[in-house]
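Shown here is one chain on its own, the form predicted on its own, set out as structure tokens.
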């Protein structure tokens, strides 16, 4: 039994649609290989960079390198790539997503082909690499470093947002214009690489499909306020594939419509994730432990369900002015509005937009406790967690816990330590419930 737990990675899902995501993941890399074989352009890219619809509108097939790192971890096929990157001089504290990607590229160059047994056939050699400054610095520097192994053009854009105390009316036009210029620079680069001009009608269509998919996803999460919980966090970390890796495609809309129907049925018939839901947990932040997603089921064995999560959250809908008639300008507006949508609440209360979002979730989803995951190699999602926890403590007395490991590097994970912490956390929840 102990050996079985040590080798188990994936979690038991709560919805039928989440169990179908594996096919979507396989298709990401299959489509890239097929496109490459047909002479179409493929590109390494970073999610949450606000340029997804542009890539699809240019008919370039994206290869999400961060997702591939998570896939390697879920398949426990990450060690050889991590170790190769470290042998090439990359520190163990560098983003482990980047280390897997760089290690993979290094091995592919050394072997003269895709490493044998690489999950889902590996990543084909890209025709271009599209980075960004969104979220963290490796997203800007990773593809530059990959130039050691790949002789392909690289282009990175800036994705920026103002500080929370900025006068948004005063700075809005500047930020939107700057973002628009960043997108225009990317479009010019891609036009040069593909030999074709951007079709703006095609871009409008990808935007429409993308926004519809994200709207459906948002409505699904609104239904998750139901008690008992109709969909757990482990499902969320699967179904995010459609929104983040199929933006601007009908497949994403169809997927979320089916998931919406399934969750709606569960809510109406009071079908919960587990038979006896005692505690509702909020996944407060930090990348998920792709190597050990079964840990969500371990919480469930105590009657605790992760009812909602902040990480990889769908954006709340934003209203771009109807006067915006250019699709590139629309993307710039949407980026600005998404980034600042919790600023007003933050200025009126805690001063921190992330805390405001967490407080809203705690209230709406009847949360009993919060769990954070501190990833040793991900500064972007780890730095600030203790600060958020401390500010949250001023507004709520619910128990909070921080688990420590890494998103894909198993060397930073201790199953015994996690189970001890979880046991103590559950005891605290039980004691508070009894009171």
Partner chain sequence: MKPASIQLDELYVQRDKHAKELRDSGKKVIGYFCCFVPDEIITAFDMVPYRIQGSQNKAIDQADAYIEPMACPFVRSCFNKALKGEYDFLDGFVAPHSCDTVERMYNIWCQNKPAPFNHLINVPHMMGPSSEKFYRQELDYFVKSLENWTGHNLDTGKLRDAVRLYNERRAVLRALYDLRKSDPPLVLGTEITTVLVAGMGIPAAKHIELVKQFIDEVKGRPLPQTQKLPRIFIWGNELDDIAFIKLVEECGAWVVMDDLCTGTRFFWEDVPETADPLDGIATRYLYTHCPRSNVPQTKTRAGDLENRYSYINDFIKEWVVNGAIFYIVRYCDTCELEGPDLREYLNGMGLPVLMIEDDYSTSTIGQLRTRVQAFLEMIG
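Here the structure is a predicted model, which means the values were calculated and not measured. Positions refer to the first chain, counted from 1.
We do not show the form predicted in complex with its partner chain, though everything after this point is about it.
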Candidate stretches 320 to 328, 259 to 267, 67 to 75, 180 to 188 - the one whose heavy atoms come within 4.5 Å of its partner chain in the predicted complex: 180 to 188
Contact residue in the predicted complex, chosen from 145, 274, 249, 227 - any heavy atom within 4.5 Å of its partner chain: 145
In the predicted complex, the one of 365, 342, 140, 218 near its partner chain [non-hydrogen atom within 4.5 angstroms]: 140
Residue contact check: residue 332 to its partner chain in the predicted complex, 4.5 Å heavy atom: no
Contact of residue 119 with its partner chain in the predicted complex (heavy atom, 4.5 Å): no
Distance check, residue 382 to its partner chain in the predicted complex, heavy atom within 4.5 Å: yes
Partner proximity in the predicted complex: residue 195 to its partner chain, non-hydrogen atom cutoff 4.5 Å: no
Residues 27, 63 and 297 all lining its partner chain in the predicted complex, heavy atom within 4.5 Å: no
Residues in 77 to 95 with any heavy atom within 4.5 Å of its partner chain in the predicted complex: 88, 89, 90, 91, 93, 94, 95
